[in-house]
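This document opens with one chain alone, in structure tokens, the form predicted alone.
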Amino acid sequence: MAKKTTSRAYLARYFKRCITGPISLLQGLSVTLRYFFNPRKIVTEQYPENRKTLKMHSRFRGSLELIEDENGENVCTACGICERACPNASINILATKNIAGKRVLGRYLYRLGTCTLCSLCVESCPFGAIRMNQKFELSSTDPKDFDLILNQKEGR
């Protein structure tokens, strides 16, 4: 008797799935067909065509960049906390001393090729001197393009 009820329960579940399976398939296809016949509602970004007007979401993490104050000087104090927070040593800070003997930022070396874009360096910076920018086209065939000096101004 126990085998009969088990097989009946199994058959009932099987037939129920045979009916509900195609129904769920048709529900999914209805969304596809709606977008097919009404393409104005499509939310997909047409990337190569709208490259100049494309804006990334505010939470997007691109490559690292230094923040400058209103005088155009870097906010970074070369404390090295971001360098220690980086899990794979993508950041190297080479500090120097100014005339007064105070430690200042000499070079901020950033290796984009090894960066995981985890943003731990940004979260650990006590001065808010670095942030993740919105650049998303970062590909290159030359590995030297991924070794960046962030505090080097253009034209200097």
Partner chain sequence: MIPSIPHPLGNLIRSVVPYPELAFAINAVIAIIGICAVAFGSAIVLVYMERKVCAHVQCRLGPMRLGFHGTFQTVADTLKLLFKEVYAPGGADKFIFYLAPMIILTSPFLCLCMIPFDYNLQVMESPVAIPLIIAVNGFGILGILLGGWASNNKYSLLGALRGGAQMISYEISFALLLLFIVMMSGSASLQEVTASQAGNILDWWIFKVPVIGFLAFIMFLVSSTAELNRAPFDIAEAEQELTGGYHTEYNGTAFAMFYLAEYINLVTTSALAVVCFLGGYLPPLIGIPVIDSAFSLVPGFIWFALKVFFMIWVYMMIRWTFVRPRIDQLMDLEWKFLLPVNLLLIAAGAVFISFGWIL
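Note that the structure is a prediction, hence the values are computed from the model and not measured. Numbering follows the first chain given and starts at 1. Rigid core (definition): largest C-alpha set, two forms, superposition within 1.5 Å.
Separately, the form predicted together with its partner chain exists; it is not shown, and the next lines address it.
- Taking the partner from the other structure, its partner chain in the model of the complex has no heavy atom within 4.5 Å of any heavy atom of Phe127.
- Although the partner is absent here, Tyr47 lies within 4.5 Å of its partner chain in the model of the complex, judged by heavy atoms.
- Using a 4.5 angstroms threshold between heavy atoms, Ala89 stays clear of its partner chain in the model of the complex.
- Interface membership of Phe136, defined by any non-hydrogen atom within 4.5 Å of its partner chain in the model of the complex, is ruled out.
- Checked against its partner chain in the model of the complex, the residues Ile67, Met56, Val104, Leu29 give one hit for a heavy atom within 4.5 Å, which is Leu29.
- The stretch among 56 to 64, 90 to 98, 108 to 116, 30 to 38 whose residues place heavy atoms within 4.5 Å of its partner chain in the model of the complex is 30 to 38.
- After superposition on the rigid core, the Cα atom of Pro87 is displaced by less than 2 Å between this form and the one not shown.
- After superposing the rigid core, the C-alpha of Phe127 moves by less than 2 Å between this form and the one not shown.
- In the model of the complex, the Cα positions of Tyr47 and Thr32 lie at least 3 Å farther from each other than in the form displayed.
- In the model of the complex, the separation between the C-alpha atoms of Glu45 and Leu25 grows by 3 Å or more relative to the displayed form.
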